[in-house]
Each structure stands twice: as structure tokens, then as C-alpha cells.
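Let's start with one chain on its own, the form predicted on its own, as C-alpha cells.
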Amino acid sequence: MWRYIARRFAYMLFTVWVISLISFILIQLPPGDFATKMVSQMLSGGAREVPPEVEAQLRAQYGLDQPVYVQYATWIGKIIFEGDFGYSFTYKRDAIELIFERLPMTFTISLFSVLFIWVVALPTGIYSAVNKYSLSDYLFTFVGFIGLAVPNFLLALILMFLSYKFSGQALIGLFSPEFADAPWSLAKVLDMLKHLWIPVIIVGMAGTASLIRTMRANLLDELNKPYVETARAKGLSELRLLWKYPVRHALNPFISTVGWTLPTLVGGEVIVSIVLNLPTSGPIILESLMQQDMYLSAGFILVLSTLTVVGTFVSDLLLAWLDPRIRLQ
């Protein structure tokens, strides 16, 4: 078991390094850089021309005159030894400050979305598999396809309309105006929970629909295996048989999704966050990429990727504990 953990941990460190290298290079592939962006803004702001030495000075000021590998080595070295993720050109602040400002709300929505997905998808998938080809099974299948097909932003607009129609207030953002800048208190937490259900349902809808189908398919495979008939022949009750053997084996996909849930939610909530005005990571990552703010965007991608790899590592350990066959392979 310890050899398995050590091997997976080494893979995790190597994966994080590869992701940081590839993401840093990909961010700089588009033509130009932040200095080019600033020069374009100067020209569009009324300047007739910008001398080349000014552009060169800007590029030297931000460290953009060095080769890509030197920029990467400097950036990753400062992160490892100093905890310095660089400086945001767009926001004129340290990138780490912006990252830690946005991550808590991102985690909050992601955590509640994962809980929503599991609470809904697990019993629904089990019920559909046990009652296959019934009216309720077809109904859940239809709802699942709707959840996969409807874009998140459209669902956000529909729920906003319904909330305004029945409550008289469009639940935009995570806080009411009076709590937006207020210090944390019980009243602010309750206000956040009142606004949180809309983004949680919207972001988790596609994942819920997908896992319902996954759970149903896997459980149907397990229910048709000989060991189920053997256990039933020995007099084991249907409920105990279901939870002790088939459901346990069919849970592997649920455990294995822990690692990739976070990037899926963050990627899926970008447009939703813009529509609902949510203070999460997605919009600021999009803005930093559009503005070629490479240190901020690379820092966000590195942190989220690291958390994703750590989540995958944890899911591997849970799978090895749940199914011993995995760690023996």
C-alpha cells in the first residue's frame, strides 16, 4: 500500500510540473504580449505614435524581454522558494492576492455543487437501475438528457426569471447589497446560503445528469453478474444485497470523479458567473487571458491544476481502499 502511495505521489509532482510548463508556454503562444497590449491602448487613446524604445522599456520593466524558458524558470523558482506568483499587469496587484480572494467563493460553490451532484445522482441512479425500463426510469433518463443538453447560462437566466417572478427579487451575486462589503457574520452566511442555491443547481446540473447515467449503467452491469444470483440464493435480503455488493462496486466512478470535478465546475461556471455576477475564479481567469496577463492567468491555472491533481491523488487512495484490486495492479 505504501509503495502504491509513494508511486502515485511521485506521479502527482511530475504532473504538476508538466502542467505548469505547458500552461506557461501556451499562454504566451498568441502574438504579442502585455507590452504590446499597452502600446495598442496608448494608440487607441489618442497617441500618434509610441517610440520603439518606450515599448522596449515596458517589456524590460515587466520581464518580457527574456526568452520564454528564462521567464518560466524565474516564475516557477519564485513560486517554489518565495511563494511569489508574480505581479498582475492588469490589476496592478500581486497575483497571489487575487488568487486567494477568488478561491474561497469558487471552493464554496464547487463544494456545494459536488454535494448536490452526489445527493441527487447516487439515489437516482440506483433507483433507475433497480427499476429499469419503468416509467420513473424513462422520466429520469429524459430529465438527464435535458440537463446535459441545456446550456448552463440559459438555465441561469430561467432560474433568475423564476426567482424574480415568485420572490420579487432577482438573485444575482452571492450577497444582498447590504452584505456585499460587510464583515463576515451569521447574517451574512445565511444571506449567502439564500443566494447560493441558484449557482449550485446550475453548475451541478450537467454533472448530476451525467453521473445518474453512469451510476445506472454500472449498477446494471453489476446486477447481472453471477455473484448477485449466488448471494440471492443464499437468502440475503434484496436491500442488504444491493448495498453490500453491487452498489459498492458501482461507486468507483463516483470516487474517481473527485479529481476532475473542480476544473469541470470552474470551466463550466465562467459564463454562469458572468451572468449571475459571481465573485469566482472563472471570470478573472478569462479576463487575464484576454489581457495577456500571463502571471495572473498562469498562477490561477497552476493553483487549480495542483488542486485537481491533489484531488485525483485522493480519489486514487479512496479507490485503492474501496477496491483492493486497484492497488495490486
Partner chain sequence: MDAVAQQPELEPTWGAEADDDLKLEVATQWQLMWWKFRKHQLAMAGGAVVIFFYILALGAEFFAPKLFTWYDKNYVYAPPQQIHLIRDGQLAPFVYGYKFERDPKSYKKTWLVDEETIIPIGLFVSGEPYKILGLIETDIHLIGPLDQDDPFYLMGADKSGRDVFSRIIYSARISLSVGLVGVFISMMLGIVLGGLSGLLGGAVDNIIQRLIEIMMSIPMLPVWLAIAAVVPLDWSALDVYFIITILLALTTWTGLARVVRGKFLSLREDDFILAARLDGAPGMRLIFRHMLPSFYSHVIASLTLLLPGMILAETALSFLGVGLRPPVVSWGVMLQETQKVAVIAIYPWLLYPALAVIIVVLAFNFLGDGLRDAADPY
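Numbering follows the first chain given and starts at 1. Small disclaimer: the values here were computed from a predicted structure and weren't measured. Note that the rigid core is defined as the largest set of C-alphas that superpose within 1.5 Å between two forms.
Same protein, other form: the form predicted together with the partner chain, not shown, and the subject of what follows.
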In the predicted bound form, residue 30 touching the partner chain (heavy atom, 4.5 Å)
yes
Verify the contact flag for residue 314: yes if a non-hydrogen atom of it lies within 4.5 Å of a non-hydrogen atom of the partner chain in the predicted bound form, no if not.
no
Indicate whether the partner chain has at least one heavy atom within 4.5 Å of a heavy atom of residue 68 in the predicted bound form.
no
If we define contact as a non-hydrogen atom of the residue within 4.5 angstroms of the partner, is residue 38 a contact of the partner chain in the predicted bound form?
no
Of these, 112 to 120, 183 to 191, 139 to 147, 79 to 87, which stretch puts a heavy atom within 4.5 angstroms of the partner chain in the predicted bound form?
139 to 147
Hey, with the partner chain in the predicted bound form, do 15, 294 and 305 all fall inside the 4.5 Å heavy atom range?
yes
So, does residue 302 move by 2 Å or more at the CA between this form and the one not shown, with the core held fixed?
no
